[in-house]
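Given next, in C-alpha cells, is a single chain: the form predicted on its own.
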Amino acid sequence: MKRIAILASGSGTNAQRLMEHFAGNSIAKVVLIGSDQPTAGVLQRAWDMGVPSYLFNGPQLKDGTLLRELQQQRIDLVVLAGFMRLIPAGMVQAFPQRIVNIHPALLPKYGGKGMYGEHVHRAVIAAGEQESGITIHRVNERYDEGEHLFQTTCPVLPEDTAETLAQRIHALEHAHYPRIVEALMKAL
C-alpha cells in the first residue's frame, strides 16, 4: 500500500476530499497531514478522519526536519493542498517527481509567489478573462512552475465575484484532485 502525506496551511477542504477518497482504498492511503499553521482547519479535519497530523514551522521546513519526518513515515507521494510555502530544493530532490500541487488557475497565468486563493480569482476577474480553471502540477524549486499534469476549465461569468468564481474552482478541485492523485499512485 502506497503512503500519502498531505501538506496544507488552511481550512483543508481539498485535504478532506483526498482523505475521504483514499479511506479504504486498496492502492494508497493518507497517513499524515502536515501543517505549518497551528490553527489551520485541516488539523481538525485530520483529527476527525483519524489521520495523524504533524505541525511544523518555517525553519523546520527549511532545515530538513519536515523532510526527515516524511522519510521516517516512508511517504511515497507528497500532496500539497493549499500549502502556502515554497518547498525547499532538498525536499524536491528527495522526492523527485513525487510532490504535486493544485493551483486555482490555468498556469502559467496567475501563478507565482502571492498568487493563491482569492488573490488569483480577483486577478482573473480584473483581467477580463473568459475562463479560469485549475492546474495540477509537479512541484519544483519555484512557485507554480513544475510540469503540468492536468488542467480543466470553467467559465468566468460577467457577474462573478472572487467568491462566486472560487465556488466553481473548488468544485473542480474536489472533483479532479483525488482522481489525478490516484492515477499518480498507480503509476508509482
Ligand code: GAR
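Just count from 1 along the sequence shown to find any residue number. Fair warning: this is a prediction, and the values are worked out from it, not measured in the lab.
The form predicted together with ligand GAR is left out here; the points below concern that form.
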Looking at the partner-bound form in the predicted complex, is Ser11 within 4.5 Å of ligand GAR by any heavy atom? yes
Contact between Gly117 and ligand GAR in the predicted complex at 4.5 Å, heavy atoms? yes
Would you please decide whether His176 lies within 4.5 angstroms of ligand GAR in the predicted complex, comparing each non-hydrogen atom pair? no
I'd like to know whether His170 contacts ligand GAR in the predicted complex, with contact meaning heavy atoms within 4.5 angstroms. yes
Find the only residue in Ile87, Ile102, Leu106, Val78 having a heavy atom within 4.5 Å of ligand GAR in the predicted complex. Ile102
Output the sequence-ordered list of residues from 27-59 with at least one heavy atom within 4.5 Å of ligand GAR in the predicted complex. none
